[in-house]
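Presented as structure tokens, the chain that follows is alone, the form predicted on its own.
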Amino acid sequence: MKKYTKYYTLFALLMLLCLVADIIFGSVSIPFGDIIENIFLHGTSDSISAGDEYVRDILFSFRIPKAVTALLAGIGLSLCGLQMQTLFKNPLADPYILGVSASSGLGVAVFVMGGTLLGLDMGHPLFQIFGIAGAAMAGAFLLMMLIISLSHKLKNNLSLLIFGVMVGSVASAIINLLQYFTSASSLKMYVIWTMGSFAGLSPLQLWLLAGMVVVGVAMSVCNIKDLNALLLGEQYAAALGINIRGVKIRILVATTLLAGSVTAFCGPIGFIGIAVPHITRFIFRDANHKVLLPATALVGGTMMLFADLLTNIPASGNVIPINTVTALLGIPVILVIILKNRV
């Protein structure tokens, strides 16, 4: 581990630099001096000008929560992708391979479009705070419970993959049906959610996301030994006395918690979960998850913060959907993986 200290230090500094840059630079131009002054004098001045109030509102209500959300999402999706690729021995496995994205999307579609069809008041404060995120989490965890209940019948990983594809197909069909009958406003709300965004989280939502990601990361750390055993094959792991079904369930719970929470609060964000583990393996040149897990978290957080920084259109007040940027960053990595492994 000591030989990787310089890499850990480098990426920790890069992550901190990207976090600071993501707060300083945005779609609205604010002088650097005003940012520093308002951050360090926040809540200490008795007389606050209208300009200071405007800057503080942007920093503490938008930019800082947005940057923290991006950091949590990058760590969560990257660790999820690493575990999925190890579990399924598939270099193209991603956090949503088991249909987590599809089931979350179905939950959101049922809430947004189904609620409109039923005449529910979608502007209710409770719906605004927990509605979409709660529906997405419900969809993800219902899928997880279904997979766990069927795990004794799904004997191998191929069966799990096929099950995930089937879930995605069924969810897409139901979503298309809801889209056909819903109103234009509800359809727009759903489409915007699918584009992904780190903005708009309330303090309570951010704390909930942080709590679930921390729990998911802790569970992932507990999975390190099992992940290393799976690298040698399930038969070898079973010969060591490891309960393969129990290992799969623990990994699925951790990855569903990470991917489900990020999807619920930020929308389905693609490519980071596939690309980051491969970038980390290339840099660290080690298959040991004791090395890869913290390294993947650092690289994932850094890359997502960098992607969030690129979404800002300077001096325009507008931002590009995060999925557009992550696709541009992740697709080249995936093409290299395909050409290298001929998958």
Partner chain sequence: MENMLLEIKNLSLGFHIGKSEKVIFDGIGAQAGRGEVIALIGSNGRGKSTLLRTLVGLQNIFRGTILYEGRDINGFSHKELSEMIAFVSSHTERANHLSVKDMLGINCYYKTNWLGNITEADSAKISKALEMVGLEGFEDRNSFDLSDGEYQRATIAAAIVQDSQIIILDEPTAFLDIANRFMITKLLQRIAHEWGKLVIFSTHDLQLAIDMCDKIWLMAADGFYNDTPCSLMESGAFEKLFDNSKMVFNKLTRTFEVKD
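Residue numbers count along the first chain shown, from 1. Keep in mind the model is a prediction, meaning the values are calculated, not measured.
Below, we refer to the form predicted together with the partner chain, which is not included among the displayed structures.
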property	result
Region of this chain that lies against the partner chain in the predicted bound form, out of 76-84, 220-228, 205-213, 105-113 [heavy atom, 4.5 Å]	220-228
4.5 angstroms heavy atom contact with the partner chain in the predicted bound form for Thr194	no
In the predicted bound form, Asn288 touching the partner chain (heavy atom, 4.5 Å)	yes
Non-hydrogen atom contact Lys188 with the partner chain in the predicted bound form at 4.5 angstroms	no
Gln179: touches the partner chain in the predicted bound form, heavy atom cutoff 4.5 angstroms	no
Contact residue in the predicted bound form, chosen from Ala238, Val165, Leu142, Leu150 - any heavy atom within 4.5 Å of the partner chain	Ala238
Residue among Leu92, Ile249, Ile174, Leu232 with a heavy atom within 4.5 Å of the partner chain in the predicted bound form	Leu232
